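Structure 1 and structure 2, given next as structure tokens, are two forms of the same protein chain, each shown alone.
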Structure 1
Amino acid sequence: MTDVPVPKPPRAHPGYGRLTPLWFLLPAVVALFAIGIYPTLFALVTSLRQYNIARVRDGFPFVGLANYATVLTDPTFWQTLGRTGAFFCVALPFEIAFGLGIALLLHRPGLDFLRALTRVSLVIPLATTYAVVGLLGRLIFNRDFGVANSLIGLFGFPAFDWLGDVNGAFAAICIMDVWQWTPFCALIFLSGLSMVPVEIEEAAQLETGSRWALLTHVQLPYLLPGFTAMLILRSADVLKLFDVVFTMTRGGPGAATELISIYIQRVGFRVFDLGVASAQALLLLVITIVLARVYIRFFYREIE
């Protein structure tokens, strides 16, 4: 009797092989693997070698972890990382504060046409090519004929050499970032606000005349998930930030606006020390993956 084959339990998808999902997934996985993972492994190997294109005659000897030691003891690396953090800490609070204000303005009933117009206009900064934002920044913040100086002139401030000054250049890239990304925060907050059930909001409005109480007690719980999303997405974006700063200041004056991406680009493509640059890039990748883990744990649980 034991020889009688036990009938297999019916499959979840009758008539279809277990390998079916594989065939659907394979093209995407192979493509991402070939274009994403292979270069990463290549970078790993490069980071263990002395690999300076400017000194090819030395060959590319294996140097172990020397490049990592160089990076970790390189004050400039930590400075640029710190500067990137400072940029995040300066720009993001403005983006969040303005974004929340804009979202509240857009959420408030009345003036439908103006609200719709403003809401649509928020898309424009988000779509503007980053390199063009940088070029525009150079025009707007020009010392001699920039419109920024004529605007601050209205308030009695003297003309200022924004991009030639250490703090001015940093402020200028922050301002352009705030311009470009505040709409992102505003749109996220707006979608949070629209999740508040209308009845609850109206009841609360009758209960209390205070807008502040309405915001902190009724709307805030709906805004928090978006707030965390902003924190993490923007931090990932700031680590990636390259185009705007590269076109606007190239990291200057001096190193005033040299953020981490700009620095790695300089070491790799202007100093041509690919070994060290690869080590830097991989350390940045580790930071990014830790961030991504945290982020995905928070937000993408639903798929499991």
Structure 2
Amino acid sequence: MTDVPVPKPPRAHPGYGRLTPLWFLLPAVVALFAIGIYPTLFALVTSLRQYNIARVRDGFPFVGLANYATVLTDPTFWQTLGRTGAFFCVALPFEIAFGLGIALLLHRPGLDFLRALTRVSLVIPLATTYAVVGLLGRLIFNRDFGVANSLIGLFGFPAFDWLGDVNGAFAAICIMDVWQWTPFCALIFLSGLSMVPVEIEEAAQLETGSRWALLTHVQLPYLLPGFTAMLILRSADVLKLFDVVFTMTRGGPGAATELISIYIQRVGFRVFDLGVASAQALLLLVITIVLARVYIRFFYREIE
């Protein structure tokens, strides 16, 4: 009986060692530490000190949780946080409704070229930087030559000072946010719809002619994971939204569009109280984590 020769294991590359995978991971770890971990730790240390860069001679003494107490008893902080929540509650439903409608239209069979062209065009608002979106908003809602006043003028309405009115400015930043982030919602929903098995969808269409029943009973379970991720990302984005609002309105008129990020910037870089500003930023981080857990608890469902 002949012995079957055992193949030799492949010879490793002479430059490959046990530490080679770590060298590949090192750039990502360094970038994560420099961009995420170190600033968070620095903000944590700063939030526990009296850190006013306009009074460097006073030093940076340790004050414990005094900055957090200042933030929690600051009525302006709660007002701006409530205004941010109102912005989120106004803009997000439109983004979800428009995004779901676009996704359902693109999911229908036929018109392949038009569907491909629409998918490409959806990326354009997402690829536009926040500052450019803010500049576009200033041009669109300009009182004298803005597109918004030209459109309402077609229906006989007089020119309106969008960015100079309390409600108009708030509506303007909501409209620009809906324009920029509706494509994101549409792409998330479209990816969820693409996961629905074709045979199940066709069987459901034969069983019932109601598109609402098809959406709620067949497609919805596949949309919920992406919907949960979308809620988490949009909540974090709204809480740190700065560039668009600052470029369009600077938080005005008055404090009509002063979201929480604008207020933190004012405390940190106009009042120069980085200790209180760091405490505010860390509280926002805690709020984001709590909201993420709430979304996962109530909306996320595994597809069986």
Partner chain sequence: MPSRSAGRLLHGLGLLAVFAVTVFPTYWMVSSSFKTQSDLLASPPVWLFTPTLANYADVFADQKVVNAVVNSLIVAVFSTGLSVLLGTPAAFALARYDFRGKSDLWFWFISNRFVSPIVLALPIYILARNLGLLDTHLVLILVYITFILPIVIWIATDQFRSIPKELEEAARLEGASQFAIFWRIYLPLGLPGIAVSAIFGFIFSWNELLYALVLTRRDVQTAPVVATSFMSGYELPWGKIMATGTVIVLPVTIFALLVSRHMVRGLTMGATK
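We call the rigid core whatever largest set of C-alpha positions still superposes within 1.5 Å between the two forms. When a residue number appears, read it as a position in the sequence of structure 1, where counting begins at 1. Values in this document were obtained by computation on a predicted structure and should not be read as measured data.
- Annotation: structure 1 represents the form predicted together with its partner chain, while structure 2 represents the other form.
- In this overlay on the rigid core, A236 has a C-alpha that sits less than 2 Å away from its partner position between structure 1 and structure 2.
- Relative to the superposed rigid core, the position of the CA of V63 differs between structure 1 and structure 2 by 2 Å or more.
- The rigid-core alignment places the CA of G254 less than 2 Å apart between structure 1 and structure 2.
- Lined up on the core, G275 has its CA atom moved by 3.3 Å between structure 1 and structure 2.
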